[in-house]
Structure formats: C-alpha cells, structure tokens
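Next up is one chain by itself, shown in structure tokens, the form predicted alone.
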C-alpha cells in the first residue's frame, strides 16, 4: 500500500503524522491512507529533543504501537539511521519486524539536529551515506520502501548539490527522494523537482511553505506530501490551553465542552470490542 502511494507519480498522496497509537487512530478515522511516524513528534511525546536523544529502540517501540493501532501503512522517519551503515540496517530490520512499511533516511551526521532549528547541519559524505542506503536495501530488499531524504538545501548547499546527491542515492537503491527545504515558499523545492525530472518519485514536507496550494504539487507531479508534525503540535497547543485554564480557575467546569468526551475516547479505542470479547470468552457456554 505504501509503495503504491509513495512510488507513483500518477496521483498525489498524503501521509499524516502520528506519534502514538491514539494519533494514528485519529488519522485513520479522518480518512488518511498512510502515516508518517515522525521523529520530531515521537521524541517530543517522550520529552526529548529531536537531536537523536531518543534511542532507536524507543523509536521502534513507538512505531510498533502506531502500526498495531491501525491498518494503515507507516513510513518511519529514521533520521540518519542512528550511526553508520550497520546501525542503519539494524534499524531497518527491526522496523520491518515491528510492521513498518517504509523508512526514510536523511543524509545527516550523527547526532542530527532537527532541520528547522539552528544552523548546524553538517551533511554526510555522499559515498558513506550511499553505503547506508545500500546496506538497508540489501537487508530488507523490497519489504520496506526506502526513501532517501536530502538535507542539502537545509544546509545551504544549493540545487546542484541536492541534485548530485539525488542521483547518487537513486543509484544506491532508493525507491523515492525526499527533498527537504525550510524556506517559506516552495520555489526552492520546485526548482529541484524541475531539475530532477522525476527520475524517482519525490516526497515533500511543506511544514514551512504551508501556504503553497496543493495544486502546485499536483502540477509538479510530486508523489507524496507529508504533514509531518501537525497532530503533535495541535495536541501541545490544546493541552497548554486546557492546563492554563484549569490552573487559573481551579476548576474543570468551563472546559468540559472544549475537550473530547470520554465516550469518544472509548469509541476510538474500541472498548465495545472488549465487551463483546468478554461475553464470548468469560461467560460459560
């Protein structure tokens, strides 16, 4: 299912961020056909910074809960693979065992720093990162979709460097290219897409150029749009408002109509299935 979405230019697809089982369930209920297990969002939900502070085992455990909570394919933000080729292939193997459908690896150095903060974004050597991709491909073959994420534009190296890296990563076995930009407009990303000419399908993350109409992505024949961190950010904003209100008023009376009723939580997590199962398995025949 993920390969059909990410590895095709025929129709634009969308992946919604998930960081736990509940956010994954809500995304599926809203109609999304695939999920992005966000490194930023998972780290944030665990109280870590997106700087490889959460371990790869914690990432795999979070992905397992996401996978188990829905029937949707999950593309995992694997950062740079948590080390060299050996770490990357181990991560890929464990994600496959956890039920992930794909992994995105970025050409950053370990430890990475979130692409949208600071100026310290050293790039991995092209040949070394290509080795990471080949190791992952040799380990999981076609059992995981392999997306190569290019950070050259983030690091300020420009279009030529991004294109050079894309060709190298395609040769190394990537199934798709994720081109990342933190500009406020899509111009930089679209220039890459025009230069790349869809040698492989292109995945984008329009977190900073959110005002760009989706029609521009369809016109450019982009494969996949990742809404990369929006559930986590929405949850953070909602929790902050509610906590501020309860602390100030020393009461929950005024906020009850502004939060999900417990019945909605019970319905989302299928408490009704448990009740049916109890009748089937706990009651004597």
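Because the structure is a prediction, the values reported are computed rather than measured. Numbering follows the first chain given and starts at 1.
The same protein also exists as the form predicted together with a small molecule; that form is not shown, yet it is the one meant from here on.
Not one of 3, 101 and 140 is positioned with any heavy atom within 4.5 Å of the small molecule in the predicted bound form. None of 193, 90, 123, 116 but one reaches within 4.5 angstroms of the small molecule in the predicted bound form through a heavy atom, and that residue is 116. This chain lacks the partner; the member of 147, 136, 205, 150 within 4.5 angstroms of the small molecule in the predicted bound form by a non-hydrogen atom is 205.
With a 4.5 Å cutoff on heavy atoms, residue 180 counts as touching the small molecule in the predicted bound form.
Contact between residue 34 and the small molecule in the predicted bound form is not found at the 4.5 Å heavy atom cutoff. Though the partner is left out of this view, residue 228 does reach within 4.5 Å of the small molecule in the predicted bound form, counting heavy atoms only. Although the partner is absent here, residue 40 lies within 4.5 Å of the small molecule in the predicted bound form, judged by heavy atoms. Of the candidate stretches 90-98, 162-170, 211-219, 107-115, only 107-115 has residues whose heavy atoms lie within 4.5 Å of the small molecule in the predicted bound form.
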